[in-house]
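Encoded as C-alpha cells, the following chain is the form predicted on its own, with no partner shown.
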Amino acid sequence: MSTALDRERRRHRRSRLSLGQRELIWAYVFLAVPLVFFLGIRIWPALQSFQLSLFTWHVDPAQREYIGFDYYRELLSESRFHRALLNTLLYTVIIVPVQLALGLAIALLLQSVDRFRPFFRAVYFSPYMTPAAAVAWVWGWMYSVNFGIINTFLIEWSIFWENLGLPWLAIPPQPFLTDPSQALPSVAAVVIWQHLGFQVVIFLAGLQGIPRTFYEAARIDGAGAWALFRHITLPLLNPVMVFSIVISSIASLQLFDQVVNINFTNQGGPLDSTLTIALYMYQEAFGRFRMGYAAAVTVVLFLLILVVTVVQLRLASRKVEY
C-alpha cells in the first residue's frame, strides 16, 4: 500500500515539472555520461601519473617509497631528455606551418575547380586514413639508402643529366634516415604528407562557409585576387586556422608512431636525432621499467602541451566582423 502511495506521489511530483524543465534535466543527464567518461579516461589517469611520479616504482603499491620531486630534478640534468625536448619542438616548428600552408594552398586550388573535386579530396585524405605504422614502414623502405625508390630515382636523374653534359644538375643519393642531420626532416616530411589531407578537408569546410556575397561585393568595389584573399578569406578562416594550429601542434608534440616504426632497428636514432618526448617516455617505462620516472616525463609533456595550446589560442584567436 505504501509503495503504491509513493509511486503516486512521484508521478504527481513529475507532473509539476514543465516540458522545458524535463528537457533540461534530460540534457544534463546526457551531458553527464560523456563527462564521467572523460573524467575516468583522461583526468583520473593524469592524476595517477602525477602521483606515481612522486614515488619509486614497485608492483606492490605498499612498497613504493616517496621521493618527492627527485625525478623532476633528474630530468633537468638528463641530456637525452633535453635532446628529446629539442627534437619535439623542432618537429612542431617544422610540421605545423608547412601543414598549414600546404593545406590552405591545396584547399584553395580545390575550391576553384568544379569537376572531380570529391575525387581529389578523397585522394588527399586517404593517407590520413592509413595506419601510421604502415605509412612509416613504407616510407622507411622508400628512404632506404641501397634499395629505396627515392635514391633509385636520384641515380637515374643524375645519369640523365650527366649524359646531357650537365653534371651540375645531378643529385647524389642521400643517406636520409642514416644521417643525423637528415633523419629529423625526413620523419617530419612523412608526418606532413600523412596529415595533409586532414588539413585540406578542414580548410575546404571553412572556405565553403564564407558567404559568396562578400566576394561579389568586394569585386564590385574593384578588389583583386590578392585583396580578396587577404581581407576576406584569411580573416574569415581565422577560427579554422586556430583549430588547425592547435590540433597539429598537439599531434606533433605527441609524435610517436612514425618515429618508432620508420627505423625499427634504431628507434629515435641515429644518435637520438629523431628521439621525441613520447618515445623517450616509452623507452624509460617499458625498456628500463622506470615507471615513476616515465610518469614524470608524462607530466612534463602534459604541461608542455597545455602551455603551447594556451599560448596559441591567445595569439591566434581574434574576432572578425563584417
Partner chain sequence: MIQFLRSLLATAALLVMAAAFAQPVEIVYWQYDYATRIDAMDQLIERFEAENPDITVRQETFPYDAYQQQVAASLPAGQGPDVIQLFYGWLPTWQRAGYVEPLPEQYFDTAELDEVFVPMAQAGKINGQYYGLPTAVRSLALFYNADMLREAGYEEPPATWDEFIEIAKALTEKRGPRFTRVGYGFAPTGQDHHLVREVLTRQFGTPPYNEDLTEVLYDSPEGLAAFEFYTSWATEHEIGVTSFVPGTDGYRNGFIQLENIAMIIDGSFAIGSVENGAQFDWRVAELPVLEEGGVKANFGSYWMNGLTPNAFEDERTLEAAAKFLDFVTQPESMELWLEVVGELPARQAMVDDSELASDPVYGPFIRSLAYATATRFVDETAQRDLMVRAMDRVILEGVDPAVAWEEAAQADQALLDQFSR
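Only a predicted model underlies this, so the values are computations on that prediction, with no experimental measurement involved. Numbering follows the first chain given and starts at 1.
Quick note: we don't show the form predicted together with its partner chain, though the next part is all about it.
Asks: Taking 58, 74 and 148 as the candidate spot, are all three within 4.5 angstroms of its partner chain in the predicted bound form by heavy atoms?
Replies: Affirmative, all three are within 4.5 Å.
Asks: Using a 4.5 angstroms cut-off on non-hydrogen atoms, would residue 280 count as touching its partner chain in the predicted bound form?
Replies: Contact with its partner chain, no.
Asks: Residue 141 near its partner chain in the predicted bound form, any heavy atom under 4.5 Å?
Replies: Looking in the predicted bound form, residue contacts with its partner chain include residue 141, since a heavy atom lies within 4.5 Å.
Asks: Is there any non-hydrogen atom of residue 158 lying within 4.5 Å of its partner chain in the predicted bound form?
Replies: Looking in the predicted bound form, residue contacts with its partner chain do not include residue 158, since no heavy atom lies within 4.5 Å.
Asks: Can you tell me if residue 42 lies within 4.5 angstroms of its partner chain in the predicted bound form, counting non-hydrogen atoms only?
Replies: Contact check for residue 42: no, nothing within 4.5 Å of its partner chain in the predicted bound form.
Asks: Please pick out the stretch from 170 to 178, 236 to 244, 115 to 123, 219 to 227 that is in contact with its partner chain in the predicted bound form, where contact means heavy atoms within 4.5 Å.
Replies: Heavy atoms within 4.5 Å of its partner chain in the predicted bound form occur in 170 to 178.
Asks: Which residue, 38, 66, 28, 289, is the contact with its partner chain in the predicted bound form, using a 4.5 Å heavy atom cutoff?
Replies: When its partner chain is considered in the predicted bound form, the option within 4.5 Å is 289.
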